[in-house]
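First, one chain by itself: the form predicted alone, in structure tokens.
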Amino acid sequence: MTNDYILIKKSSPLNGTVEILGAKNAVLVIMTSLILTDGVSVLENVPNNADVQLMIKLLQDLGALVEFDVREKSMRVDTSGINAYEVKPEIMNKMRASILVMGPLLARFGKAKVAFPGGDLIGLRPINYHLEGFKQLGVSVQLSDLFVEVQLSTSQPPYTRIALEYPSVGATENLLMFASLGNNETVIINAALEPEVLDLIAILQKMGAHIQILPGAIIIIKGVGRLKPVHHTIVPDRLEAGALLLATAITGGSLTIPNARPDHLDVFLDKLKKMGHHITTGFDCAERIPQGITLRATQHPQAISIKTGPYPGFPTDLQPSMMAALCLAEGTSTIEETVYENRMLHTKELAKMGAQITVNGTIATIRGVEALYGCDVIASDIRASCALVLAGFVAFGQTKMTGVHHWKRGYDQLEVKLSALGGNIQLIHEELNVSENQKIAQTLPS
């Protein structure tokens, strides 16, 4: 039995240059999209985190052959042997993104059986948008206590317009992948258009899918009979970039991320500027895309107000870390969370460290304090773990964070990058002996 935790101590300002890896939220869905092909595909810039390892296990259980060079961040996936359409509950229960196999399996086999997904504690994330969309496309849906079973009916409508009540990323991705194979035309109204969704569309188009994006968040998909294997490089992770920028901002340092995409973080960068931080961005003339972000932190950050929302709004996944930074800002800040109903669990842990935060429903009010103090804290989800690490960098004493499995799910050795920039952070892996296990058992309720 092991006892893993992250130990963080008050740090000097973070300074330096660092590159980011591929987006976790893009690579997971892109890995599932390979089910639509029959052959060998290669993905580049793939992060090695726990969720990616789980998705590898999922694909292997379905019959795929997967080779992952973690040093080169390159993955080779052979889907020609996929012969199963059911996903084991023990995989589904550990990762929310596993629900994204439903669309590709349904397109490949005409049926799929998956357990309800698990993952973080940040909210219910109902899959009703996925299922309602499938029903409109001629798919029968059966629900049990543990499983969702979907199957194509004998006839499918040649043309379907699906209006999403909310621009759900997962529903958009699942419907996109399913609709890409076949002889029908599908229109998704109020679709999610996050950079990760656009990266999925890019690889589907490389496969041979006919997908068009129209103004007003409308996606038109004309199904084709076959999709071919591809070679694709995953888009840089805007959330890893945001975490590194906030770590630099909270410690008062300076950082350059040469491969970050500023056009994926417009609202977030604007909020950093309003806090007083100096932001400059670059442009890749060869690729003709904005690329590169440099932050020089102010020593007197100012309070701001933010409201999370679907892209291009303020990313909900950067809300916890921004809250940590605002704990030391001058004045009173407010954060309204509109995406996940339980994405305020980190406030209790920050309060243990001396933060002055009041939560009323989905709105948090943060009154800036002069100092935070290290203590034992627990991460409730991936992004909460990042927020607590950032708070630990500026807290007097030391901070011990458990719930490390969330950190490992979301980041590929981010602690190593932070340490190289000057952060005082260690990932501790301890083996517990038998007597320690017995002591722990005695404290548990019978």
Ligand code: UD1
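As the structure is a prediction and not an experimental result, all values here were calculated from the model. Just count from 1 along the sequence shown to find any residue number.
Omitted here: the form predicted together with this ligand. The next part is about that form.
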For this session: Considering only heavy atoms, tell me if Asn128 and this ligand come within 4.5 Å of each other in the predicted complex.
Result: yes
Exercise. According to a 4.5 angstroms non-hydrogen atom cut-off, is Glu194 in contact with this ligand in the predicted complex?
Worked result: yes
For this session: Determine whether any heavy atom of Val169 comes within 4.5 Å of a heavy atom of this ligand in the predicted complex, and answer yes or no.
Result: yes
Problem set entry | Partner contact for Tyr340 in the predicted complex: this ligand, 4.5 angstroms, heavy atom | yes
Exercise. Heavy atoms within 4.5 Å of this ligand in the predicted complex: which of the stretches 89-97, 267-275, 176-184, 222-230 has them?
Worked result: 89-97
Seminar exercise, completed: Checking Asn190, Gln291, Thr256, Thr316 against this ligand in the predicted complex, the residue with a non-hydrogen atom inside 4.5 angstroms turns out to be Thr316
